[in-house]
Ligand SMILES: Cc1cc2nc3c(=O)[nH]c(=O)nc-3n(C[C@H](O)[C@H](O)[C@H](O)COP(=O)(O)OP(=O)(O)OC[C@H]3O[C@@H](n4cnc5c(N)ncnc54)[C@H](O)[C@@H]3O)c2cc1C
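A single chain, nothing else alongside it, follows as structure tokens in the form predicted alone.
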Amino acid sequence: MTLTVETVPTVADAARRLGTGVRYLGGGTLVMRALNYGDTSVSTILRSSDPALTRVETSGDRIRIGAGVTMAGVMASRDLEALHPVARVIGGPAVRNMGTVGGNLFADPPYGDFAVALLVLDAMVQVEGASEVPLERFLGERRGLVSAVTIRRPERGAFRFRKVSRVKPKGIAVLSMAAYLPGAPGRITGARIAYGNMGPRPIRVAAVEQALEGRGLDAGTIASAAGAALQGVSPQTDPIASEWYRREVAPVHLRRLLEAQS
């Protein structure tokens, strides 16, 4: 089967070209793997040279991240300092130089760690030709060509992230967790908690958020949150870990995340 590669100048051009047999190529960590494993549904790979895809732009307290910004690009941006620890644990140098912010939103478990972090930062996703949608809604559909993700600049010290893997620092995640805790260690207002690899896509954990909301981050609050750690989650068994193991370790690592342990 012949595979055609095309490059178009703008994201809008790329969105118009997408269709049956046509796949968009960002960093290639998902598309090329599928092709290498024999995916014959793709006849055309489409790329865009639109410079907006690789820009990080700030406006007030909002940060717009082009979908083509790589994990290495995240680490190079001062405006995205809070997300440096997340990008740093995604694969090795080759993957970080290729894998993109937009592509990570389409990654199935056990991948997609960056999407977990964006989920607690109340990210909005710009799909070309459509209105911005909340990331949580986008992850339930995952349709269209993503051109950018926008987040609000996080309050200093409020964002936390934890990746649990058998091989450190760049192993595939058994699970990942992110927290946004404005006001902590004092009274928390607007708590957001998200998990990766504890369901078919990154998810918010409402029960844990409710256990934290309006309370100080003390031992009692952390114990309540850990007690709610498994409510509403459906971890799967895969070659990385079993459902049983994920259920066993999730409350332990949620405690460590909230206690800001390394």
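Note that residue numbering begins at 1 and tracks the sequence as displayed. Everything numeric in this text was worked out from a predicted model, so none of it was measured.
Omitted from view is the form predicted in complex with this ligand, to which the following refers.
Using a 4.5 Å cutoff between non-hydrogen atoms, residue 25 counts as a contact of this ligand in the predicted complex.
Using a 4.5 Å cutoff between non-hydrogen atoms, residue 30 counts as a contact of this ligand in the predicted complex.
Put simply, residue 95 is close to this ligand in the predicted complex: some heavy atom of it is within 4.5 Å. Residue contact check for residue 163: one or more of its heavy atoms lie within 4.5 Å of this ligand in the predicted complex. The candidate site formed by 194, 235 and 258 is entirely out of contact with this ligand in the predicted complex, as no residue has a non-hydrogen atom within 4.5 angstroms of it. Distance criterion of 4.5 Å from any heavy atom to this ligand in the predicted complex singles out 146 from the list 83, 120, 146, 175. Contact annotation: this ligand lies within 4.5 Å of heavy atoms from the stretch 30 to 38 in the predicted complex, the single such stretch among 224 to 232, 30 to 38, 200 to 208, 54 to 62.
Along 87 to 101, a non-hydrogen atom within 4.5 Å of this ligand in the predicted complex is carried by 89, 90, 91, 95, 98, 99, 100, in order along the sequence.
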